[in-house]
Structure formats: C-alpha cells, structure tokens
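In structure tokens, one chain follows: the form predicted alone.
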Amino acid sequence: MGEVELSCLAYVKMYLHACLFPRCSVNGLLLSSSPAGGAVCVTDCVPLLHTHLPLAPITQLALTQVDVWCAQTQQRIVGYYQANACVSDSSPTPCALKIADKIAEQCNNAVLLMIDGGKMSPDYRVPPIVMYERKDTRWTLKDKHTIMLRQWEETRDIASQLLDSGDHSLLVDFDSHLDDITRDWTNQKLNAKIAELASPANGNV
C-alpha cells in the first residue's frame, strides 16, 4: 500500500466525534468516492458508536445501512477508525481488528486508523493519527509519513473553529441515530458547515 490521503471532511468529523465523547471510545467507517485501485483517498467518514463498541449486532446493522447508502451515493467503505477512551492508548483493540478484518474482506487496500488522544491539542503540528495496514492476516503499523492530509493547518483550524463555536454538537453518530431516528447519521448539516468553512471565500482550500 502506498500513501493514504485523508480529506478535510473526513478528518474533521473523526476529530469532532472523539471530542464530542471525550470519556468514551468512539469508532466509525472511512469512505471513498474514488474508484478501487491505486492510492486510497478517504473522502468522508461515518461516525458509528460511542457506547458498547464490541456489540456485534449494532455494528452489523450499521455496516449494512452504510453499505446501502454508499451504493446509492457512489461511495465505498475503505477503512475503519477508532479512538480509545484511554487517551494514552492508541493501539487497536480486538473489536477494532475484527471490524477492520471484515472491511478488508471487501476492500484490498483497507486502512485502520487509530486516533492518538494524547496528541489532539489544537496546535499539534501533524495529524494525531496512527495508521495500520493489513499484511497477510495481520495489521501492522505504517510509517507516519504515509498518511497525507493536504492543507493540514487549515483543516486543523476548521476543526478548532467548530469546537469553539459548539457546532461539533451537530455531529450525529449511529448510536445517537438509534436513540432518535429523526437524527441524520449521514451528517449533511455538519458536512455543509465544514464545506462552508473550507471554501476559498473563507481563505481556506
């Protein structure tokens, strides 16, 4: 596997998901709108759970629904992300490995991203992400330079703006959707807010 590119949209939503539930482990799915083959470009993510991450029936329900939505929107699931409740621990849990394995069955270049909670300060110089790739049947740590986030400083600033304004509360994960099915787990409102902040009119790209 070569470099993995992470979009502003995907990173900001992952970051806000972890910030919204700071005492919980959180997880989600990584999506791509680019065709299979070549470098992996993560263009979006779907925040999944903030409680009972290992609960298989809820995870399976979420995977099925996201799969259907991806087919309708010309996207595909290319990976998995997780932030552990213990900020000093960025190692994949058995739950993370199991879900990532399931994704890898459908996507050869699947990636597993762990959010490093100890490095999530607003002024951190590089994305607080640890990346794993699957080799044979094992997930191995990738060199940190193989993850690429264009316009990192602008992306980091957008995440901080949304956090400071309280707009991170717009984020809806699948857990929250199950509690209130009127809440939109595809996060169209938040996506629009991120797009607006990232637009050239606001000095960002």
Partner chain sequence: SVCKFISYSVGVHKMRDKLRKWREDNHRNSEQIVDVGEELINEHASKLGDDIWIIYEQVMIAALDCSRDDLAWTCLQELKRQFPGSQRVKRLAGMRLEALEKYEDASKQYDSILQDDPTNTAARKRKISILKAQGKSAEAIRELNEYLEQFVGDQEAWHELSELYINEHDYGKAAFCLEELMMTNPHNHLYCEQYAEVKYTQGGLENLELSRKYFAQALKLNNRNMRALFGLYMSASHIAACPKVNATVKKANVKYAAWATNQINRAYQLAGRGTKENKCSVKAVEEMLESMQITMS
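As the structure is a prediction and not an experimental result, all values here were calculated from the model. Numbering follows the first chain given and starts at 1.
Below: the form predicted together with its partner chain, not depicted.
Among heavy atoms of D175, some come within 4.5 Å of its partner chain in the predicted complex.
Using a 4.5 angstroms threshold between heavy atoms, P35 stays clear of its partner chain in the predicted complex. In the predicted complex, its partner chain sits within 4.5 Å of a heavy atom belonging to I58. Taking non-hydrogen atoms only, D179 approaches its partner chain to within 4.5 angstroms in the predicted complex. Contact with its partner chain in the predicted complex, defined as any heavy atom within 4.5 Å, is confined among 147-155, 26-34, 46-54, 134-142 to 46-54.
Residues of 180-194 placing a heavy atom within 4.5 Å of its partner chain in the predicted complex, in sequence order: I181, T182, R183, D184, W185, T186, Q188, K189.
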